[in-house]
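Only one chain is shown below, in structure tokens, and it's the form predicted alone.
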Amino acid sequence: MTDYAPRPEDRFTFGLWTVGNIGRDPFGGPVRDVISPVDIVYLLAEVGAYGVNYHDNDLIPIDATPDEERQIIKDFKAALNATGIKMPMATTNLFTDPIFKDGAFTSNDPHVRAYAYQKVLRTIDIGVDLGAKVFVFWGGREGTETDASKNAADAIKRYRDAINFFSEYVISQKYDLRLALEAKPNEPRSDLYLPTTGAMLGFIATLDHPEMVGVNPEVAHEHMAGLNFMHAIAQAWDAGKLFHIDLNDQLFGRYDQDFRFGAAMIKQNFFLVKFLEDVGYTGSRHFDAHAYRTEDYNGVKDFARGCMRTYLILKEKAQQFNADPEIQALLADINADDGTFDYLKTFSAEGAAKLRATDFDRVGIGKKGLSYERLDQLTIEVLLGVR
């Protein structure tokens, strides 16, 4: 690859809340001025992104009048049309406003739950009108600080009722829209329900329409819990549930850092990119991250370009890994299989009897070296650019 310029087929997207992040954190105020959704669309077009995603209130203030809403949508559509930027995903902010201080779908207050339903329906309608094919649910306040406050089983039932309701609504409207659930272990609440991608996959199996609901895993959210993100992605892919993905970077066990993709954990991100490319994932590669608080908007552009460039560099490294003769020879040896045990792929009484009668060289097999040290070193050398 002579350069690492993004192309539309890469499907790189950013949220209005990512490049529009003004650098506020719990200990300091904003360092960048607010820019409009229209300006964000033009910024993303300048850096070569494919698309932009949004929370409802990133685009339309929560207290906007109907006339203001119509004008905002009109201006946003005009910017999308003028730049060619797509809007593949939409989601609802159910965590910022004080009404959601104890959750949205899992709130103990039925008025809060009903308002959350209303807010989601409006966002689904607007999102579909703007081109969204995936609708993400992140339950940022769906949790507790004290388990004395909620019955966890009731909370999960309320969550299920909500997703079932929205599934039926999408079906009733004949929308071409899939729903994706996003897990996070904690923050902003002490404990969030359905905290991991695996938990979400288990939950989806209990829904009325599991076929239309998948997951939107995020690097930072799995890394916060010290988990292997690529393994979560593999499980979601195997289940046919990887509807969307949030890419960023995150050190294990920290607060939600949302670093530029590839900024912290190179090897983990390499195996993630390699997996996505090897299996042929065709969905959006959405960067749910934000620039360092040190940056102005030129730095934000550097951040956005860096996310995409790093992905493409790691994609090239994955291709190099897959074509490296020594690496592939090692992998062939590690995975050698002469077919002796193919009969175990499907159970039969004869196969079970044959297995019982087999004499294994347990000691000899246990002594065999697997060359993983060599394989890992070669991986590092690919990443360091010395192969």
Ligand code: GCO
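What you see is a predicted model; the values in this text were computed from it and never measured. The numbering used is simple: start at 1 and walk along the sequence shown.
Just so you know, the form predicted together with the named molecule exists too; it's not on screen, but the next bit is about it.
Engineer: Among 199 to 207, 216 to 224, 159 to 167, 269 to 277, which stretch has residues with heavy atoms no more than 4.5 Å from the named molecule in the predicted bound form?
Structural biologist: Selected stretch: 216 to 224.
Engineer: Look up in the predicted bound form whether residue 104 has a non-hydrogen atom within 4.5 angstroms of the named molecule, and give yes or no.
Structural biologist: No - in the predicted bound form, heavy atoms of residue 104 and the named molecule never come within 4.5 Å of each other.
Engineer: Look up in the predicted bound form whether residue 184 has a non-hydrogen atom within 4.5 angstroms of the named molecule, and give yes or no.
Structural biologist: Flag for residue 184 set to yes.
Engineer: Please tell me whether any heavy atom belonging to residue 95 falls inside 4.5 Å of a heavy atom of the named molecule, as the geometry stands in the predicted bound form.
Structural biologist: Contact with the named molecule, yes.
Engineer: Quick one: does residue 142 come within 4.5 Å of the named molecule in the predicted bound form, counting heavy atoms only?
Structural biologist: Output for residue 142 is no: heavy atoms all beyond 4.5 Å of the named molecule.
Engineer: Just give me the single entry in 291, 136, 132, 247 that has a non-hydrogen atom within 4.5 angstroms of the named molecule in the predicted bound form.
Structural biologist: It is 136.
Engineer: So the named molecule isn't shown here. In the predicted bound form, which residue out of 125, 256, 75, 191 has a non-hydrogen atom within 4.5 Å of it?
Structural biologist: Checked against the cut-off, the match is 256.
Engineer: Between 52 to 73 and the named molecule in the predicted bound form, list the residues on our side with a heavy atom within 4.5 Å.
Structural biologist: The stretch 52 to 73, when checked against the named molecule in the predicted bound form, contributes only 55 at the 4.5 Å heavy-atom cut-off.
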